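So this first bit is one chain, no partners, the form predicted alone, shown in structure tokens.
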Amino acid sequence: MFSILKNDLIAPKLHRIVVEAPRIAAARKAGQFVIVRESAGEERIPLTIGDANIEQGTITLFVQAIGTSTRKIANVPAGSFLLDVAGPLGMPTEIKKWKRVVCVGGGVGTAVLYPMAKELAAVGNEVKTIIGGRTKSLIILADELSQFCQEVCITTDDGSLGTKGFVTDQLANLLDSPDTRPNTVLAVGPVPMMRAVAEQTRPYGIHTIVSLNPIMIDGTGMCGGCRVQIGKETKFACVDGPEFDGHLVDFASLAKRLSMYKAHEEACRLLAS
């Protein structure tokens, strides 16, 4: 059993949950995740470790309460428990001194991006971050990112905060000039956004890393559910990723796999309501 110390709603349907898990906190690295199960018989959900505090023995998880299982996890109050939190799993982010790095986050992807940007800044990179959402209420962690990023650019589809438009518009501005063009780009968010970022950086030959979110069950490579096509190879996001070279990812097949269980999820939602 894993005690929940805090559960805060930081955006519509997005919860920041602090969990007591000292062994995971001590071992985790940026980019890794845990598999969470709310109670016996429930679905296993992969969640990126957004932050960790070794001294307090805690990890921070960001839960978007969209599906039936994520809503159950998000509804567990502070002072109660999660049955299983297994990890850390996956390969950590490749933290190197690339000099200029741009981190691009879309929606809840900003929460996944946060620990990567933090570690990249800590080793001496000049980190600029672009974060976007449909509207002001969906922009998260801007203040936290500004503590270590040289610049945080905000975009919203409706112009309610920051610049009206998409994250790709701001990235284009940085790519246009040799003085601001990054050596490495990290992108986390919806599949169309990550695909667009990868296509933007491809002509420049800029190293581009994306964090993938395929359907995942066990997190150990046994089930094969999270397989993704990377170049000519089939990889498992849980053990080979979740981060891959964005210029090699087959985004079309990834999008198709992500839509496989939409009808089943909708049936579960209706049943739960």
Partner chain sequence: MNNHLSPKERLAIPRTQMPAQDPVIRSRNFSEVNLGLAELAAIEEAQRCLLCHGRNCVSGCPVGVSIPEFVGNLASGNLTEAAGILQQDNALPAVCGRVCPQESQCEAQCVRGKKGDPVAIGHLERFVADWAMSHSENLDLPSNSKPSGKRVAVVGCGPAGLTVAGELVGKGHGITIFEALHDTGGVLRYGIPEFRLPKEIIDIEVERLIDRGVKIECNVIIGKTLTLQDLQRDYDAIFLGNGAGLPVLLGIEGENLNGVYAANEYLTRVNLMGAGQTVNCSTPIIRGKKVAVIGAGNTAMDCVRTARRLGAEEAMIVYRREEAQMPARLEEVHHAKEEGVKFVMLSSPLAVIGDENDWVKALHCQKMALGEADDSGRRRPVPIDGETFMLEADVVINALGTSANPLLTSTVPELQLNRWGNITVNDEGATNLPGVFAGGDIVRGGATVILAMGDGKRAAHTIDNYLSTLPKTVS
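Positions refer to the first chain, counted from 1. These numbers come from a predicted model, not from an experiment.
Below, we refer to the form predicted in complex with its partner chain, which is not included among the displayed structures.
Judged against its partner chain in the predicted complex with a 4.5 angstroms heavy atom cut-off, the residues 27, 41 and 236 are in contact without exception. Using a 4.5 angstroms limit between non-hydrogen atoms, residue 16 is distant from its partner chain in the predicted complex.
Remark: residue 247 does not count among the residues lining its partner chain in the predicted complex, judged by a heavy atom distance of 4.5 Å or less. At the 4.5 Å threshold, heavy atoms of residue 66 stay clear of its partner chain in the predicted complex, well away from it. In the predicted complex, residue 182 stays away from its partner chain, with no heavy atom inside 4.5 Å.
Of the residues given (121, 154, 86, 196), 86 alone sits with a heavy atom within 4.5 Å of its partner chain in the predicted complex. With the partner left out here, its partner chain still marks one of 143 to 151, 105 to 113, 86 to 94, 122 to 130 in the predicted complex; by a 4.5 Å heavy atom cut-off that stretch is 86 to 94. Using a 4.5 Å cut-off on any heavy atom, the residues of 199 to 219 that reach its partner chain in the predicted complex are, in sequence order, 215, 217, 218.
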